[in-house]
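Here you get one chain, nothing else, as structure tokens; it is the form predicted on its own.
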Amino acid sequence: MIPCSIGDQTLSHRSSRLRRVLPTVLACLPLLWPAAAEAARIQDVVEAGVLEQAWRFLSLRDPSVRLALAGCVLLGLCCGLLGTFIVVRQYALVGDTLAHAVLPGIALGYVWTLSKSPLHLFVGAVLAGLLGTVVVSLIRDTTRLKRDTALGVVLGGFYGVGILLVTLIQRLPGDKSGVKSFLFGSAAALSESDVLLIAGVAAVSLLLLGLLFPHFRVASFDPTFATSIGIPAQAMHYLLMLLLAWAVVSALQAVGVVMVSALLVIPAATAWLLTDRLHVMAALAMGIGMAAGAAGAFLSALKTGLPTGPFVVLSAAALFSAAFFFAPRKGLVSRVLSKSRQSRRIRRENTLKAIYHLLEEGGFADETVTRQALVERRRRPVAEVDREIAALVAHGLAEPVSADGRVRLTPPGRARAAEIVRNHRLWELFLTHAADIAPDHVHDDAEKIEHVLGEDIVRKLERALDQPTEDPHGKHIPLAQTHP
């Protein structure tokens, strides 16, 4: 019995040791079987696949990646340049119309040879685009319909025919692969011939628009004046439409019919928010288009399974959003801040004007005014008047005299107050003389204009009114004052 008991204890002890060691052994099984270890490493690779794919894209090891990137960048350059003239001419819908109008031409180009011959597709698309342009002009010339209506008619009609033909092509024999990619684009399917076509269109566009840039600039802003000085504005228009049709056709394989119009408009619209000079706008639009093309190609390469066109357009839209909010002068934030600064300046100047009126009513016998008198004149709460006085002091336009709120204008403050009052009273006099408006109806207009009149305009008003000394109400018009 004792041996049995000892044996049982030994067995029990070994069992407990086995239970403790078993998890460690199981955890080491992947090291014992190479297949299991390899499976774990494959899983790790899958989890890090996006990073690996990003590195493969950035290293440009794959020929397909190089072709897609080159095609998208060249396309962004070309569309950005042409889009500049589309935006300044307010022809944004023209690009959209051409993009949809070329679809029937692409379908007929395929039917021509029952294959995706780049030359036949290009010829068919260009002819369809030019036909769409002619139809738009014909509708405008023979009816009273406006341009946007004619463009809408052509866009819908041609696009409907194109969709019908693409659907029918699917039932025909031959290589139909990739025909539907013209709708949404597929940069991964770009061939060397496609990239060469895009490069050729970009080179021709750069060459022609570079050589004829002064003519295109004049014709874009004032076609009538361009014609009067010998520039063939109509011929320039059709040349631009031809280049635009070529660009649209070359862009279809990369971004598709649906997205190409956005690539024509968004980079140029973004550049318009950043500058007012046409040549700078063209350079910025090309840069933005190239950046959007590269970003779209990169995002679509990260094993997303999504077409390139939407990523290119979304990248351009992201850049537009940044410019829309943060552009130095035309951005929303800049305009809000500018409007806030202008409002604060107008409040300060209104306070200056109120102080001047109080001093004028006292015959300028005293150089100071009390806070209470300013509150009654401004008809504002005491706390708001105190903030206005503090703002004048902070800008060096006034200085406190006593603890009870009495203030005095500094020489710069007095000069600016006199300028505002002079602007107000001169404008009232001008309205009563030039516009024959009753004196009791000119105050509100003068309240607005007094803050924006420049010194050159004031001088012209004084000369036109023969150096007046009194406004329509008999009040003295102060002379311009100088200050250190």
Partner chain sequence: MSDPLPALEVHDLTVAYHKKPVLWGIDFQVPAGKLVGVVGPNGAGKSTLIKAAMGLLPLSSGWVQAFGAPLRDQRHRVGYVPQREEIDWDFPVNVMDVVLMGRYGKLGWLKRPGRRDREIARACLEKVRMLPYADRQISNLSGGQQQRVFLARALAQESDLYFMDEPFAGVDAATEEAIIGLLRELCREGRTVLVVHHDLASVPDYFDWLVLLNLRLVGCGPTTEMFTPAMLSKTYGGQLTVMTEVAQALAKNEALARETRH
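Owing to the predicted nature of the structure, the values given are computational and were not obtained by experimental measurement. Residue numbers count along the first chain shown, from 1.
Just so it is clear, the following notes concern the form predicted in complex with its partner chain, a form of the same protein that is not shown.
Contact segment among 228-236, 389-397, 406-414, 125-133, judged by heavy atoms lying within 4.5 Å of its partner chain in the predicted bound form: Only one stretch qualifies here: 228-236.
Residue among 300, 261, 315, 220 with a heavy atom within 4.5 Å of its partner chain in the predicted bound form: Selected option: 220.
The single option of 119, 212, 401, 114 touching its partner chain in the predicted bound form, heavy atom within 4.5 Å: If I apply the 4.5 Å criterion carefully, the residue I get is 212.
4.5 Å heavy atom contact, residue 277 and its partner chain in the predicted bound form: Close contact exists here: in the predicted bound form, residue 277 approaches its partner chain to within 4.5 Å, heavy atoms only.
Partner contact for residue 281 in the predicted bound form: its partner chain, 4.5 angstroms, heavy atom: It does: once its partner chain is placed as it appears in the predicted bound form, residue 281 has a heavy atom within 4.5 Å of it.
4.5 angstroms heavy atom contact with its partner chain in the predicted bound form for residue 88: The answer is yes: residue 88 has a heavy atom within 4.5 Å of its partner chain.
is_contact(residue 272, its partner chain) in the predicted bound form, heavy atom dist at most 4.5 Å: Contact with its partner chain, yes.
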